[in-house]
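Below sits a lone chain in C-alpha cells, taken as the form predicted alone.
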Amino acid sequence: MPTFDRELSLTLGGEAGQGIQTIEYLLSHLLKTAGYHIYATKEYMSRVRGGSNSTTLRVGEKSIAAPCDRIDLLIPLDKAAITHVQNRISPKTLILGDKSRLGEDFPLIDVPLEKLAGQAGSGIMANTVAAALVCGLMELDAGLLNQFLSSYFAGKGAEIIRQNLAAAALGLEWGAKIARQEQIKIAIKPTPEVKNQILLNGAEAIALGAVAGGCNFVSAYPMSPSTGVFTTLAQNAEKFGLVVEQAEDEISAVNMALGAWYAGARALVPTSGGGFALMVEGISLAGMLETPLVISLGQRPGPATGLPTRTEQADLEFALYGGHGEFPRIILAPGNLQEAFLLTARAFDMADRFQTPVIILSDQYLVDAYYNTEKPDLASGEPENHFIKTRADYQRYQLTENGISPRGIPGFGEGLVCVDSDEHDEAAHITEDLDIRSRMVEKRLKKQELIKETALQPTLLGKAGSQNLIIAWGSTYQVVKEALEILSLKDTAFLHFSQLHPLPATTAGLLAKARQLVIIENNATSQFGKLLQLETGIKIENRILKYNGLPFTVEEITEHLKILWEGGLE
C-alpha cells in the first residue's frame, strides 16, 4: 500500500496554456487553508504556448521551504511532461494520467482527465480535474474546494464557476475511487498553526517589504523574473498609496526613480539582469548625485537573454561593479521570504540614510517560490525619513566628518537644493577644481566605512568555531539548511550571508576559525568566493556550484556534501 504519512512531493506537468500555474496556485492556497505546510516551486519555459512546464508542491506536517528532486506523485497533462521530469521519477513514483494521451511507456494509473473535463463542459478544465483529483486522494473537504473555486473564478461569470465546480466534483470522485482501488493512503495531518500564517512568494514578499519601507513610487519596464514585484505593487497601488509608472525602457525607469527620490519620494525599480545593464549609467548618476536609490534585481541566467525564465546567482559581480567611477553601494541578498520582506524594508532606510544605491539581489527561484511562513515582524514601526528642512544658506554637498551631507528636498525649507552630475563644490556648482574633486571623492567614499559599521552580520547555524564551515548567500539558505539537518554532520556549522557588500568587518575572523571551508553557489565561477578572497585573503577550495538554470535541491546538496566528506572533509 503506497502510504505518505509525513510529507508528499507532488509534481504536475504540461505545456504552457494547459493551466499548470493555475493548478499550483489553487492547490497551494487550498492546502494551506486546510492547515497543511506548503511549499511550491515552478519550472517553466519562455513561451506563451507549448514547451513543457512543471510545478512541484511539497505538502507536509512540518515547515518546508526548499525544493526536492523526489516525486511521490506525478500528474502529467501531456506525454512531454513525463520525459521532462524523467530523471526524477523513481520506482516509488505514482503516475496518474490519461493513458490515451500518455501512452504505455511508463506504468500509470489511468485517469481520463480531458474526458472528465469535457463532461463538465470543456476539456480545457483538465487542470481543475487534476487539482480536484489530488484533493480526492487526500480526502479533502469538498465544501472547501468548492468555496475556493467559486472565489477564484468569481470574475469569470456564473457559467464558468458552474463548469469548474462540476469538473472538481468529477476529480474528487475519481481521486477517492483511486485511493480505494490502489490502496493509496495520504495520512499527513493538518497543523493548526498554519492557519495563522501567510502564504506568499518572493515577489510578493519583496513588494510588501517595499511598502513597509515607505515606498511610494515604483517605475519599471517589465522583465522576468522581476515582473511579479512590479505587478504586485501595481495591482495594489491604490490600497498602498503608490504611484506606479511603466516606463518605456529601463533607462527611463531608473531616472524616474532618481527624480522621485530627489523630490522626497521613496522609489523602487524592479528589474532583471538585462534591465540592470541599461540602468548602469543611472546608477553612476545616483553615485555622483548622492541620491538614494533602491533596485530589486531578480537574477536569471545570462549573458544576454540567456534562460529568461530560469534561475542563477550570477549577477553578483555585475551588481558590485556595474557603473563607472568609484562610489559606495550596498548589496543585500535575502535568504528566504522573511528576509525578502525585512531586507527590502531595510533597503529603503539604508538608501535614505547613506544616500547611496541599494541593490536587493534576488533570483527567479526566490521570487517564484511559494510557502507558508509567519507574518513578518513590523516592530520597527513607521519608516524614518532622513532628509532635513533646509535653511537659506543650505549646501547640498557640505563636507562633513562622516561623509554624509544633510539631504534637503526642493520646497521643504528656504534653501536651494541643487544637484549635478558633473563634479561639483559644496553648493553643487560645476567645478574642475582638482582639489575640490579630490575632497568630493573622499567625502563620497568615506560613507563606505560608516555603512560597513552597520553591516548585517551573517547568520550562523551551528556552533561558532566549528572545524568545518559551509558558506552560502542569498536564496540557497533554505536548501542548505534542510540538507544539513538531514546529514547531521559533526563539528560543522553553516554561515549564510544576506549582506554581500560591504561585508561586515567580522567576516575574516569567522572564516579563519574554521579549518575547512565549503562554499555553495548557484553560478559557475564562485563569484561570492572570489569576493570573500578579495576582502579577506582566504581562498575557498571546496566549491559546490550549479549553473544549469535550476535551483539546488535538497538531495543535490546532501550528495555533494557526502562526496566532499568522503573525500577528506571530516
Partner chain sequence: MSNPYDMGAIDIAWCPGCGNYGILNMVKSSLSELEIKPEELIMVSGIGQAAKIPHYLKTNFFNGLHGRALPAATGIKAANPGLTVIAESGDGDMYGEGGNHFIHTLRRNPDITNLVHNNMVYGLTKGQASPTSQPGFKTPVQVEGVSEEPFNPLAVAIALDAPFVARIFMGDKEQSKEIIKQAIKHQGYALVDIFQPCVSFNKVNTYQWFKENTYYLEESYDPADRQAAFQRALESEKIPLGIFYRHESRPTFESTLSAYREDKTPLSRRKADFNKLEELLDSKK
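Just so you know, these numbers come straight off a predicted model, no measurement behind them. Positions refer to the first chain, counted from 1.
Unshown form predicted in complex with the partner chain; subsequent notes refer to it.
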**Item:** the partner chain contact in the model of the complex: V243, any heavy atom under 4.5 Å
**Value:** yes
**Asked** Does S421 reach the partner chain in the model of the complex, with heavy atoms at most 4.5 Å apart?
**Response** yes
**Asked** For F341, is any heavy atom within 4.5 Å of the partner chain in the model of the complex, or not?
**Response** yes
**Asked** Is G143 close to the partner chain in the model of the complex, meaning a heavy atom pair under 4.5 Å apart or at it?
**Response** no
**Request:** Could you tell me if all three of P357, T400 and P406 have a heavy atom no more than 4.5 Å from the partner chain in the model of the complex?
**Result:** no
**Request:** State the residue from A464, A304, I486, L378 whose non-hydrogen atoms include one within 4.5 Å of the partner chain in the model of the complex.
**Result:** L378
**Message:** Considering non-hydrogen atoms and a 4.5 Å limit, which listed residue (T227, T93, Q119, N216) is close to the partner chain in the model of the complex?
**Reply:** N216
**Message:** Which is the contacting stretch out of 134-142, 259-267, 441-449, 73-81, given heavy atoms within 4.5 Å of the partner chain in the model of the complex?
**Reply:** 259-267
**Request:** Output the sequence-ordered list of residues from 191-225 with at least one heavy atom within 4.5 Å of the partner chain in the model of the complex.
**Result:** K195, N196, Q197, I198, L199, L200, E204, L208, V211, A212, G214, N216, F217
